[in-house]
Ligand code: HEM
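Here you get one chain, nothing else, as structure tokens; it is the form predicted on its own.
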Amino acid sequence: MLGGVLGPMLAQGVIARRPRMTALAQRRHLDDRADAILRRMRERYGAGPLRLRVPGRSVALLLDPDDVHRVLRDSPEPFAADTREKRGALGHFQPHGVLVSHGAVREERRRFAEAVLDTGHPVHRLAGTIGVTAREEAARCADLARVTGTLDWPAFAAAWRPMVRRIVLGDAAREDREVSDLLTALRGRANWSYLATRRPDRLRRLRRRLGAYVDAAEPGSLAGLVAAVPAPDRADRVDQIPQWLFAFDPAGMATFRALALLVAHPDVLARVPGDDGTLLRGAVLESVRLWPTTAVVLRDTTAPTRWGGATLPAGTALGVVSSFFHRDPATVPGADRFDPDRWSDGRADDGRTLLPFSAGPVVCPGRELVLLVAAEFLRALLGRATPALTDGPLDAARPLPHGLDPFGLRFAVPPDRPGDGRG
């Protein structure tokens, strides 16, 4: 079972996606098979935590929505978010980040991150500047696609990543590919967690470059807020930034998949011009529900924990396979359909089965910011181009696949939009 469920996730890359393995997983329907295996396990062993035989590690997979709710509600204590696996992986590029911190220092770092990211506020204080940046980069992306006639992942990423650098670090960072390259290299090693040797030289270079942007404190950027928001020294302001840059990469994949979903569902796409942002946010949330960017939500027990008739020892790794719950037809009506309205009409607010950005006290602090950026980017892109999906396994008349390789998506883009006056 470990090979059929966790194997494909690890092979595709937990921290940095491996394009070849992601394509292979889609071709062989490995994600569909993983969810099917877990359903058989639940039928066979029941809904209680499924203990796995892992040498040197106590591991349990959660198969019941109420158990998931309990763990996420009671994080980070007694269910710690800084698991052994996260510390091994994220330590490569953010050794003092929130996700690998615990106790009082974690609270300080989390408060700082929330203050910069405006956690809990649908509209970030820098929404005006962020919106302009997103629209400018989306317009460049659309105009180039209209010239080449094609929009694929490299073309999309060539606009998304400069936009992210501008939002996080400031306009001066638009062409600073070294920041992105350093982070990408460190993330590649992070895929191997403790098995890969650390590269402190690269980490120091990354921190120096990020620190320079904080020192410059460009107005309208998150780096400007990093410099301005009060925080104790051990909050390590600079070390929080790699997580934001990192998180925007899978957010870009979710946005690209959302574009594919919209194009594959013309009835929904037709509603975009009159949308106030609700529909596009829902499309991105559906993208993450259908193809989670965090394959497994992890927690560690910090003390012996009674669960049913058994006790889980302290240090037990608890795993929540997101897609297993997101695609469960027993709890999610239309689990294999694209339904962005479920996120605005209350059907997706149970906090037990749909966890695109996790939930509870450890919910992703950048949730609202990511949705704001993605919606603005999609709106501008669709306002200047009319993509048609040419490669990809999406069919609105059939259940959506459990795996969708963003690197393999390709859109045809006509050179002109009727009536827009462009040649």
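On a predicted model such as this, the values are computed, not experimentally measured, just so you know. From 1 onward, residues are counted along the sequence shown.
What comes next is about the form predicted in complex with the named molecule, which is not displayed.
Although the partner isn't part of this model, could you tell me whether Arg327 comes within 4.5 Å of the named molecule in the predicted bound form, counting any heavy atom of the residue? Outside the cut-off, so no.
May I ask you to check whether Thr293 falls inside a 4.5 Å heavy atom distance of the named molecule in the predicted bound form? Thr293: contacts the named molecule in the predicted bound form.
Does the named molecule come within 4.5 Å of any heavy atom of Thr316 in the predicted bound form? No, Thr316 is distant from the partner.
I'd like to know if Ala145 sits close to the named molecule in the predicted bound form, meaning any non-hydrogen atom pair within 4.5 angstroms. Looking in the predicted bound form, residue contacts with the named molecule do not include Ala145, since no heavy atom lies within 4.5 Å.
For the chain seen here without its partner, which of 92-100, 147-155, 229-237, 130-138 has a heavy atom within 4.5 Å of the named molecule in the predicted bound form? It is 92-100 that comes within 4.5 Å of the partner.
Heavy atom within 4.5 Å of the named molecule in the predicted bound form: which of Leu183, Val297, Val332, Leu280 fits that? Just give me the one. Looking at the other structure, the residue within range turns out to be Val297.
Sole residue of Ala380, Leu354, Val68, Val362 within 4.5 Å of the named molecule in the predicted bound form, by heavy atom: Exactly one residue meets the criterion: Val362.
Within 4.5 Å of the named molecule in the predicted bound form, counting any non-hydrogen atom, which residues from 89-124 show up? Contacting residues: Val98, Leu99, Arg106, Arg110, Leu117.
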